[in-house]
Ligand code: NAD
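Only one chain is shown below, in structure tokens, and it's the form predicted on its own.
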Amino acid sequence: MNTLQSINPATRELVGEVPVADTSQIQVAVNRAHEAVKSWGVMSLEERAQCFKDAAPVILEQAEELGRLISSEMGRPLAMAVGEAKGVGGALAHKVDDIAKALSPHSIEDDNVHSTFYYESLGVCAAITPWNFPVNMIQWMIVPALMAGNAVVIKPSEQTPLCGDLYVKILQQFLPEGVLQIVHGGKDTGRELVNSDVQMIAFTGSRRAGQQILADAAKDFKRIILELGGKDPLIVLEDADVAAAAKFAATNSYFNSGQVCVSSERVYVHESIAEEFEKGLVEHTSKIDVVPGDQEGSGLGPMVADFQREHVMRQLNSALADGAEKLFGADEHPEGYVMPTVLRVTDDMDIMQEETFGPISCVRHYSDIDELIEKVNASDYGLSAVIFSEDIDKATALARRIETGMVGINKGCSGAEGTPWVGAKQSGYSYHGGEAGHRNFAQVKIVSTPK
């Protein structure tokens, strides 16, 4: 039997292994899912929600084990990894209530017709999830799909199969047989799943993989939700609280070793405050601890795998060769790690064009706001942006000009509870989260009667 090995990026030791699903096994899983939909899809929202509410305490009970697997598989410091697991378990009951509310029937009418909106099952959903938040992203993706009455066949990232496997097994204890199934493997397994008899595909990952999924799904008009990363700008206007902006830049650039789709990868600072900002950013960066992935702490752990470290180092070395000025950073990067680095760059460098997904903060000075907007919007990506300014009206007007799905002013990009996670341009194709996003996992049916 072909197996997939999970390797600890901090120690290079084997964490465990799982069997790789072949074509016949994927088809069996999809067929079983179609059978499960027949009964799962006609259950009430309340009945489906109760399955998850019953599972939530068990997730919390096993949060330490889940967290240790997250830490071992993708390198995040232990306390932060356990925090992800606890957050997933703690949020589940509230999450399913929100989804049930979004998917409940509602009506509109005019003088002649009364119409009711129903949200029905699409059928079988294929979910392909990333490694950077390996349990949270599974819950984020599969729970709305399941609550909508779909069955789900999930392929977690090949970098983090074990924590995904444990989380799915916990949920399976509380779900009817066949409603949620897991298959393991790499990109070939994912493509087999995409091309199987599924009605929907939900994917978070690289833009290149998203393009392939979109092409494969087109022939059957499968429902698609893609979240494809970003090259997110942080804009610090001349009237900003410079200290707050510098602290945010450090936090948002280096959290999870920069392996976050909304990391601040391009930092644009008005030239009048650039020196003060850079000084603050370097100060915060210098205080970041490097923490082995299996130990306590909340600093910077190893990159998830060699392929990701090599990508980040390639961008860093290319930028330095092209004249980037290193304001802070190590001369040597230990095996498995990329040390936190601050660069002063120009827009034409590759590190300002392509997603980095690593702990590199790239600073560029600007003077003209119109030129700045042109540079910010030149990217093919459009996930999120952040603006720091004391003038909220001015910042809001600027936010409207930026071609992204989400903008935070004096804070990260995440919105109030109930807002969706939205990407623009090549960062997103449809969206999820919030009332509107939850409904993307269902088939809308409108039943109309005369008044």
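Given the structure is predicted, the values throughout are model-derived calculations rather than measurements. In this text, residue numbers run from 1 along the sequence as written.
In what follows, reference is made to the form predicted together with the ligand, a form of this protein that is not presented.
Remark: of stretches 86 to 94, 349 to 357, 312 to 320, 331 to 339, the one touching the ligand in the model of the complex is 349 to 357 (heavy atom within 4.5 Å).
Residue 277 falls outside the set of residues with a heavy atom inside 4.5 Å of the ligand in the model of the complex. The ligand in the model of the complex is not approached by residue 369, whose heavy atoms all lie more than 4.5 angstroms from it. Contact check for residue 186: a non-hydrogen atom falls within 4.5 Å of the ligand in the model of the complex. In the model of the complex, the ligand lies farther than 4.5 Å from every heavy atom of residue 270.
The contact with the ligand in the model of the complex, taken as any heavy atom within 4.5 Å, belongs to 205 out of 77, 233, 149, 205. Contact with the ligand in the model of the complex, judged by any heavy atom within 4.5 Å, is made by just one of 212, 196, 199, 377: 212.
The candidate spot formed by 161, 163 and 167 lies out of contact with the ligand in the model of the complex, as no residue has a heavy atom within 4.5 Å of it. Residues of 150 to 164 placing a heavy atom within 4.5 Å of the ligand in the model of the complex, in sequence order: 155, 156, 157, 158.
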